[in-house]
Every structure is written in structure tokens, then in C-alpha cells.
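Before any questions on binding or motion, here is one chain by itself as C-alpha cells, the form predicted on its own.
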């Protein structure tokens, strides 16, 4: 099977468009179409249903796509092994991450990894947990780090660091040190958008206390942790956020933690990879580095 056919097929599948694939590949659209026709003839099946200007992958294309990726990655690994020493780790790693690990955890780990493997460079793509999960599902990312388990049937989830969600506000909003969870109903609340791992985890824990999110007095729904923090500093309301995200604000006293009596909200950030995809060598090396990473605060995590 022609590897050039497979490379073009993979790009057409990703783009769901012959014209967009041709732009990415710097080929003419007729050339791209001809390669796909040749591959379809070789396989004896149709790979895309043409509906006007749009195309939809067939069942056969769904089967071929992960296998084509695997073949192409094996070829690339073979080239690397022939031209470089097997223990050499280099090149760009693109890691997807939800807001908390992407902003407050991964940059430190990436810096330590780069000291060990100086020929590596990093791109950390930050989106909400739903988006990162979808990108790994669709093979747009090889690896991600998220705070919510969303697709356990199709993705591997390996916990690697513990987080705690806490209630934070200014004294103007909550002028006490502790409170029962039931009192959350009476407080103006600022929350993250749907798809956020922090929001999903918060909702799951609150339901155990018979506190559906609809019962909260939500005054704002915001699209980033930083925007939530700015709203809290302006005393718009209270929120439940990762302890990592508000570490500096708690130390400076700009925000304070209000303990919820008899209630802890703990989660693990997980490394996610596709069950049908083999990690290329540099990613596998970083994966092992993440698994072994254990900052002082995580060596003896409290039990739920």
C-alpha cells in the first residue's frame, strides 16, 4: 500500500474536505482526489461519501484511519531509529491540557524534562477538558492532561497528581472561616463554563450533598479560571476552584478559603492517550517522566 496515499487519506479524513486537505499538503485538489480514488480502487471500497461540497467518512474509512496513523508513525519511528541513536529524545512535543494542569503544573514539569533532554521543545495547548478530550479522541493530539474522566471506553486515563477544589471568596462575600455545604445556596456564585473539568468535578461532588448546580445562585458563568478569579477579587461572588489556581491569592490574602464542614472535593489530573494509538518515542519518554513525577506535596496525598 502506497504510503503517500495513506498520508493524503489521513489529512482528508482530518479535514473532512478535499480542498482543505490540499491546502495543508500543498497539493492541487485534483491530485488529492486522484490519490483517494487510487486508494479506494486498491482497497475495493469507498472511503468518503460525497454530499455536494462536503464529504463524510464511510465505515471503512473509520476502520482505516487509526491503522493508517499507526503505519505512518511506525515508518517515522523506523527512520528515527536508523538515523539517530535509539536513546535520543528530540523534536517538538505538543501536549494538550485543561486550564489548571496547563497553566500551573505542566510548565514546571516540561522545564525539568527539557533540562534532561535539551533537544526537546514544547507546545502546551490549553483548552477546557471537553475540548482536549475530543482532540485526543479525534487523533488531533497524541497526549493530554485533564481533570475529568469523560471517555473511559476509548481513552486511557492514568492519574498522576492530586488536586483539591476549595471554596474561595473575599471577606465581603463570605465573612466566616467555615460553613456547612447547605449554605452554598444563599451565596452569589461564579462558575466556569460547561466542558470545564473543574465545573464537572464540582457538580459531581455537590450532587452527593443534594446540591444540584441549578440550586446555586449563579451570578456569572465565565470562560476561564483567570476571569473567575478577577470576578472573585471584585467581590462579584464566591467560587469553587483548584487550590493550584488560587495559591498566590491565598498567600497574599486577596482571597481566602472557606472550609466546607465535613466535605472535601479531591480529584486526580489524568494523562489521557488513545487506546488504539501507540505513543511515538519522545511522547512515551515524556509520559514515563510524568508518571514518575512526584512533587513534595504529592508524596503523601490525603485519602478521600
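Between two forms, the rigid core is defined as the largest C-alpha subset superposing within 1.5 Å. Small disclaimer: the values here were computed from a predicted structure and weren't measured. Positions refer to the first chain, counted from 1.
Note that the form predicted together with the DNA isn't included here; everything after this is about it.
Enquirer: Any idea which of 232-240, 28-36, 254-262, 61-69 reaches within 4.5 Å of the DNA in the predicted complex, heavy atoms considered?
Expert: In the other structure, the partner sits against 28-36.
Enquirer: Please determine whether residue 52 contacts the DNA in the predicted complex, using a 4.5 Å cut-off between heavy atoms.
Expert: Because a heavy atom of residue 52 falls inside 4.5 Å of the DNA in the predicted complex, the answer is yes.
Enquirer: Considering only heavy atoms, tell me if residue 154 and the DNA come within 4.5 Å of each other in the predicted complex.
Expert: Yes - in the predicted complex, heavy atoms of residue 154 and the DNA come within 4.5 Å of each other.
Enquirer: Taking 4.5 angstroms as the cut-off for heavy atoms, does residue 284 touch the DNA in the predicted complex?
Expert: No, residue 284 is distant from the partner.
Enquirer: Just to confirm, residue 20 within 4.5 Å of the DNA in the predicted complex by heavy atoms?
Expert: Within the cut-off, so yes.
Enquirer: Could you tell me whether the Cα atom of residue 19 shifts by at least 2 Å between the shown form and the other one after core superposition?
Expert: Passes the 2 Å threshold, so yes.
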